[in-house]
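In the block that follows, a single chain appears as structure tokens, in the form predicted alone.
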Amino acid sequence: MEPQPHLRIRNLSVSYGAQEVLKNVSLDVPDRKITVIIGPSGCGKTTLLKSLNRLLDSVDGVRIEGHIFIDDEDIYDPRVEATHIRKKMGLLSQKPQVLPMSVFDNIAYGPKIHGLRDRKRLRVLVERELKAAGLWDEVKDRLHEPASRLSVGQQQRLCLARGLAVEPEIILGDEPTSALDPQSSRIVEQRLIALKSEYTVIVVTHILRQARRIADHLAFLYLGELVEHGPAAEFFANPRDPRTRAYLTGEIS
């Protein structure tokens, strides 16, 4: 009997006021793989991603039903703190959001909040995570410059390194290359592929070519429903649902 994956979604429904955005979604997310969530605009992809690290908590009028388990912990149990969950999730947004401080302090910020103060250990950590994000060689002589001076592609990799610095279990990407040029996009994709050996990675994208390049597992959302999911090769070669086939062929977009 195979062990349960670390991240399991059960009967998740999310509504904004009277509008139901996600409808009874259940999904096991494979460990140490890249799961890509695809679907037309407005189908609930970003809402699903935000529900995983409780970014919806502060949204007025939102109603969340169902369960999301990390290991055996239900993240929506009232006794579970949102900050405890967010530490387990490294988030890459659509546009890089660097902090108004140096490159070094962007990476060190999270570990400092969680109690790491030793300067030597922080230096080791900053170098390690910048290398993991494929950025070290480009910024090792610029660590004390403002992060805002980096290119947009470099800023996105800096945000990736910043997320890794708090030692998450899961990396979330909300269309993480949508603001980048093709070369920077490929670099971010390559880093995510490399990181899946240590992390579970979940990426939202509207670009099917990107999904084909990076996905091990696909989940297709349409009008708030999880229509189909499975291994990427099987998903693209033999979609089971006619709505999936229509999306892959461009009949619905």
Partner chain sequence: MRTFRRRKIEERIFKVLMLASTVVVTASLLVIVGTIVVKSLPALRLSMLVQTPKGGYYLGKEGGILNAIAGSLYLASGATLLAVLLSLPVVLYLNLYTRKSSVLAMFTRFSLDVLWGIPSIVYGAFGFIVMMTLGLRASLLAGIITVGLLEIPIMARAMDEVIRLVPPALKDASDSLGATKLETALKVVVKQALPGILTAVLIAFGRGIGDAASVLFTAGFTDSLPGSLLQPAATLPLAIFFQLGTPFPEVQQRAYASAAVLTLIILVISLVSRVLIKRFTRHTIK
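Numbering follows the first chain given and starts at 1. Being a predicted model, the structure only gives us computed values, none of them experimental.
Same protein, other form: the form predicted in complex with its partner chain, not shown, and the subject of what follows.
Only one of 130-138, 178-186, 69-77, 107-115 lies within 4.5 Å of its partner chain in the predicted bound form by heavy atoms, and it is 107-115. Proximity to its partner chain in the predicted bound form holds for none of 27, 41 and 64, with the criterion being a heavy atom within 4.5 Å. Taking 33, 50, 206, 212 one by one, only a single residue has any non-hydrogen atom within 4.5 Å of its partner chain in the predicted bound form, and it is 50. Taking non-hydrogen atoms only, residue 193 never approaches its partner chain to within 4.5 angstroms in the predicted bound form. In the predicted bound form, none of the heavy atoms of residue 228 sits within 4.5 Å of a heavy atom of its partner chain. Although the partner is absent here, residue 122 sits far enough away that none of its heavy atoms falls within 4.5 Å of its partner chain in the predicted bound form. In the predicted bound form, its partner chain lies within 4.5 Å of some heavy atom of residue 57. In the predicted bound form, its partner chain lies within 4.5 angstroms of at least one heavy atom of each of the following residues of 72-105: 83, 86, 87, 89, 91, 97, 98, 99, 100, 101, 102, in sequence order.
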